Ligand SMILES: NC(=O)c1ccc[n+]([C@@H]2O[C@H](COP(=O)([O-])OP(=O)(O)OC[C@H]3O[C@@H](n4cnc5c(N)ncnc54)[C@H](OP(=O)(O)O)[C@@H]3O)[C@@H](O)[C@H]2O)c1
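Encoded as structure tokens, the following chain is the form predicted on its own, with no partner shown.
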Amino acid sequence: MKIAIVTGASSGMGREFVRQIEHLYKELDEIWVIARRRERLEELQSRMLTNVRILQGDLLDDDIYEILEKLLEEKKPNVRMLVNAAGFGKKGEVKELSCREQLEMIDLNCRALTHMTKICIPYMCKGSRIVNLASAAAFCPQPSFSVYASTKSYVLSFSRSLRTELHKDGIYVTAVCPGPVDTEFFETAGKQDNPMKEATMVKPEAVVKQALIDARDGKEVSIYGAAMKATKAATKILPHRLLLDAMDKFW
């Protein structure tokens, strides 16, 4: 049985990955979706042509990993694609945000992604893909988004090194690094009052389409749009101290 697994599938980028995967990977037998909100997953399931298996659970709890491990052991599927799309950000300075908010960001964006990847790798083979949702925030530290940007730097670094480790097995890893995307993300992150981010906001459909094409082509990093490609280039050329001072002043 050939499957794809998508976390954070009830909304935003995760949901869009589920919708588009079946059109690009037509040989899939099932798509396994993981998220907390069952009603959202059931609504998504009803719209899909590919069979969707719902695994309701919170990636901040151990139970969902036990459920997934048992199911993988029972079905022994060929995991053709793993999309780690679950995650969240919270705007605010470190001294302002609660410890719980900041530690949960780290746990979901880093720990859960790593745990999911570790569980799924034994069921992958040559030609399988791992797609990790990072962010353009991974390219440079960001004041008032310190923890979130740091978690996404982890995702980018982890994806790059894992890609090298799995190269001999024929498994490809792609880190997706979008800028601002028009999803529910900002309902949690906080009001988006940055004119630059408003101007570069893009639709999730376009970002996911590019990400799946880049994953199919075996690319290391997927970046949608000229603005974010220019951002990546700037963070390589300009000193981070200069960029941090500019963000602190104008953002």
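Remember, predicted model here, so these are calculated numbers, not experimental data. Heads up: residue numbers just count along the shown sequence, starting at 1.
Note that the form predicted in complex with the named molecule isn't included here; everything after this is about it.
- Residue Arg37 is the only one of Lys203, Arg216, Arg53, Arg37 with a heavy atom lying within 4.5 Å of the named molecule in the predicted bound form.
- With the partner omitted here, the residue from Leu59, Leu44, Leu68, Leu28 that has a non-hydrogen atom within 4.5 angstroms of the named molecule in the predicted bound form is Leu59.
- The stretch that touches the named molecule in the predicted bound form, counting heavy atoms within 4.5 Å, is 133-141, out of 133-141, 115-123, 74-82, 161-169.
- At least one heavy atom of Leu108 is located within 4.5 Å of the named molecule in the predicted bound form.
- Under a 4.5 angstroms non-hydrogen atom cutoff, the named molecule in the predicted bound form has Val181 among its neighbouring residues.
- Looking at Ala86, you'd find a heavy atom of it within 4.5 angstroms of the named molecule in the predicted bound form.
- Although the partner is absent here, Val18 lies well away from the named molecule in the predicted bound form, with no heavy atom inside 4.5 Å.
- Along 8-30, a non-hydrogen atom within 4.5 Å of the named molecule in the predicted bound form is carried by Gly8, Ala9, Ser10, Ser11, Gly12, Met13, Gly14, in order along the sequence.
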